[in-house]
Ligand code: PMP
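Next up is one chain by itself, shown in structure tokens, the form predicted alone.
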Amino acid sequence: MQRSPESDAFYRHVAQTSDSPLGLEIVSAGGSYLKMRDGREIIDFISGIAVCTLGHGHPEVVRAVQEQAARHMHVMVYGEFVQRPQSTLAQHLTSLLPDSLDRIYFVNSGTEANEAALKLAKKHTGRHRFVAFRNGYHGDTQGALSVTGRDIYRKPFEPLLPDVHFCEFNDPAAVDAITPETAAVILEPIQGEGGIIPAKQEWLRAVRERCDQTECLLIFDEIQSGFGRTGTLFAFEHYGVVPDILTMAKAMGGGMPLGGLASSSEIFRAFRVDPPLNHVTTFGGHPVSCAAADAALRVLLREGLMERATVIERTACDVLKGDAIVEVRGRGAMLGLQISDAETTRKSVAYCLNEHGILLGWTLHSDTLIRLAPPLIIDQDLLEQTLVKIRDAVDICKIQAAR
């Protein structure tokens, strides 16, 4: 097929991150669907990697973007001017969080949120040692990569931050690695890139207790698990364990770029002194993104979409059964479909896209796991039909892989 001018420019001038990008040319998107230049519609069953919780182009989010863009866009670096979208979102979001998380620092992305969290922990505690976990993923910039527990990502860019101690996720022995020299422990309550692995409740509580004993900070990376995806606003609510710093992004902006970290006024004071302005951002908390985020949060709460995540999980567990399906794990609409072998997994993802127009995700950590993260607004009939097609595709591809 002859390339369009846009596609030609993509391959010639946009820096690529792999030798074989999907290269789907998207001309519009709405609800659970992406529309391609050739007229085909694709079911987005990964929600832009857990970003589009409300689906694509939700009218209230679009309206908020349009109205704020008409008022003003960028006017000053973060933290200097009072801007209504920032103040409104911060007040709304902190009202939904535990009292100890009473302030939000806005950034542009999840990686930036984690970078800021690491700096804040060092500045507040005066320490520089971190405890992180194997197969955890926190981003690709230098600091975030330093606490990411995957050598395949780390090795090309070493040396990274020194004094990061990696432990096994859910291993009770990890508690012993948390010492009075530790600035912070950083972890995902549900490891995403690591294979959709939920933390065990008693283990997470033990980590919290040890952090309290050593007076180090506990950072929860909820970049992927936040904003209703697991059935609560944030996954930590399932555990009854509150972090000292909570990082967020992805679905936060309703499709617009936005990230943030929540913590206490006491901890955030470290960013204000010795010297002032020791962590700043030009575009963090962009007013258009904040307006979109507040609109998306209001829809999420009003429409009961967090409860919808629980229905998605239950439906997926009921439908996705077969000889090649080892298990469905995760929580809410953050699920991992474990397949018996790598060849069946690879073929299944391709078959679903090419034969059924279903876009699935997989994790670079495991070649036998398919990530499922449908938008929470997906129609129940479409959800069930899509899951049946995925199940049948896995069966077909298992037979093909065995030949």
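The first residue of the shown sequence is 1; numbering continues from there. Keep in mind the model is a prediction, meaning the values are calculated, not measured.
The same protein also has a form predicted together with the named molecule, omitted here; what follows describes it.
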Q: Could you work out which of Tyr137, Phe106, Phe130, Phe236 is the residue within 4.5 angstroms of the named molecule in the predicted complex, going by heavy atoms?
A: Tyr137
Q.
Within 4.5 Å, heavy atoms only, which of Ala316, Ile223, Leu118, Ile196 is in contact with the named molecule in the predicted complex?
A. Ile223
(Q) Looking at heavy atoms inside 4.5 Å, which stretch does the named molecule contact in the predicted complex, given the options 159 to 167, 292 to 300, 185 to 193, 97 to 105? (A) 185 to 193
Q: Please run the contact check for Gly110 against the named molecule in the predicted complex: heavy atoms, 4.5 angstroms, yes or no?
A: yes
(Q) I'd like to check something about Lys250: if you look in the predicted complex, is any of its heavy atoms closer than or equal to 4.5 Å to a heavy atom of the named molecule? (A) yes
